[in-house]
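Next up: a single chain in structure tokens, the form predicted on its own.
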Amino acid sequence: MSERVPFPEQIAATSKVAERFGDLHPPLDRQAAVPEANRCLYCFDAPCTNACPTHIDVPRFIKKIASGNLSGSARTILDANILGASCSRACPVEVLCEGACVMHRYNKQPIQIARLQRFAMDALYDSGAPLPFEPGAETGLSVALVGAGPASLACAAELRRRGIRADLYDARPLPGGLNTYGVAEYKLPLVESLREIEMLAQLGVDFHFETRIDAAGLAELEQKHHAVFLGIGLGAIHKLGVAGERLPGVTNALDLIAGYKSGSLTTVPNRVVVVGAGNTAIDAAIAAVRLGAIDVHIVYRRGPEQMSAFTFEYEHAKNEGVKFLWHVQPTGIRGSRAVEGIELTKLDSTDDGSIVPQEGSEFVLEADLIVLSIGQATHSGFLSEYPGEFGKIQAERGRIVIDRETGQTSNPKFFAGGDCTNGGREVVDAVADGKRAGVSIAAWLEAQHVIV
């Protein structure tokens, strides 16, 4: 069998993408990182650590930077979060660790935790050093992980550190899930996601790509492995359900982002309309600007107070030149052979909080490309077709029901985590889910007297 090509070498870097999607927060150099680390108060009961879903010991890793122990700093990060490099770039730290920093109490700028974390992780990668821990002694046990996104990767790392084989199955040709395909390039470059996973692979994780698992495949995995972890994420972005939606020139935010990250999409037309006002919609709109669009609108049926995007993301989009149309509802898409515009109706709010269309308020916003970003469907439906040797896997509103402390489902042999259980949160939340599940799977196998 031929040796696997390292993940970062499996992609073709495009200079256009690199030029247009430079770092949102450029890295710190040593001259900036050390003084910033020395600003930290190294709190004993650190609120920043409590605010991190993976509970990285923030004061500890920052103190190691201040003392010049960068390898120790990286180990502290990786012990808590195996995807510490990508989280340092993609986490909304303004509402997590940095938002909890005690410096706010003194009207000072919070410690730049994310940039310091990235500094330590980049130093580890640049040194060429291996992952600072090794797999445990082999137990002869194996776990199948469906999906190769952040939750499954974090779960696999915990399993391998305990000597349990981890086989990841993913429908796509590369690992990483949304880290690789769905996070804006100016936050987390594709090559950085793959570089991180390449290091994780040193633990002996086995990948099976372009493998779609259905109910029959799940039954095979249950028979072949001692436990199964479901990290299947979410499904396709919802449709509007209006006339003209099948016209060329209608796409969705995730396809747009995946397209330019892979280099298959290098330009967009002049006039772009993004429907929705979440963080992914913001990412798509900013991408459209950077890909050459002259006129980019985000349209949303409610006001800025109700948008699900973070405030700092909203401000970033405005600074990039994105325009916002509030209180409008798409009612149709116009065009003969391709998109020419989107039909909108103005909305009013009623006393009970519902929204109703204004009579006679219809208008058309000209557009060459319409990007949908109105939430994702679940794709856990296949689980209902799976009887399971130890019972059904329960889901509510498409979300897999788990014990939040362990990640275990209603079928004790199956565990789950990430977006398929929470409806879609942050990368770091998926990592935390996967980490808990990995620890719990090992404990469950031991309790079943499987580990000898």
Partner chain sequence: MSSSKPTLETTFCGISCLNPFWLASAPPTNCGEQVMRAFDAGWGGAVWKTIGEPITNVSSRYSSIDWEGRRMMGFNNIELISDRPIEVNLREIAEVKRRYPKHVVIASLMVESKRESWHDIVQRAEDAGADGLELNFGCPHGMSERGMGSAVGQVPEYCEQITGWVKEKARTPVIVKLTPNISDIRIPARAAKRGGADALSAINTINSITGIDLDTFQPNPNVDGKSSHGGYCGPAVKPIALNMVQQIQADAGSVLPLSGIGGIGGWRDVAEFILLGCSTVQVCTAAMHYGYRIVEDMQDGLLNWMSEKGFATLEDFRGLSLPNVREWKQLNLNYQIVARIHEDLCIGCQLCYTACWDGAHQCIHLDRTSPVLDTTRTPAMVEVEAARRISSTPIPKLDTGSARTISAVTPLERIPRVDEHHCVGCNLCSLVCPVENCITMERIDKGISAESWEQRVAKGMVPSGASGVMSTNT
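Positions refer to the first chain, counted from 1. Here the structure is a predicted model, which is why all the values come from computation and not from measurement.
The form predicted together with its partner chain exists for this protein as well; it is not shown, and the discussion that follows is about that form.
**Prompt:** Looking in the predicted complex, is its partner chain within 4.5 Å of a heavy atom from each of 176, 238 and 264?
**Reply:** Heavy-atom distance to its partner chain in the predicted complex: none of the three under 4.5 Å.
**Request:** Identify which of 27, 68, 423, 47 has a heavy atom within 4.5 Å of its partner chain in the predicted complex; exactly one of them does.
**Result:** In short, 47.
**Request:** Go through 103-111, 79-87, 250-258, 361-369 and give me the stretch that gets within 4.5 Å of its partner chain in the predicted complex, heavy atoms only.
**Result:** Heavy-atom contact with the partner occurs in 103-111.
**Message:** Would you classify residue 96 as touching its partner chain in the predicted complex, given a 4.5 Å non-hydrogen atom cut-off?
**Reply:** Residue 96 belongs to the contact set for its partner chain.
**Request:** Considering only heavy atoms, tell me if residue 396 and its partner chain come within 4.5 Å of each other in the predicted complex.
**Result:** Although its partner chain is absent here, residue 396 would stay clear of it in the predicted complex, with no heavy atoms inside 4.5 Å.
**Asked** Quick one: is residue 401 in contact with its partner chain in the predicted complex, heavy atoms, 4.5 Å cut-off?
**Response** Looking in the predicted complex, residue contacts with its partner chain do not include residue 401, since no heavy atom lies within 4.5 Å.
**Item:** Partner proximity in the predicted complex: residue 33 to its partner chain, non-hydrogen atom cutoff 4.5 Å
**Value:** No.
**Item:** Stretch 410-445: residues contacting its partner chain in the predicted complex, 4.5 Å heavy atom cut-off
**Value:** Counting only heavy atoms within 4.5 Å of its partner chain in the predicted complex, the contacting residues of 410-445 are 425, 429, 436.
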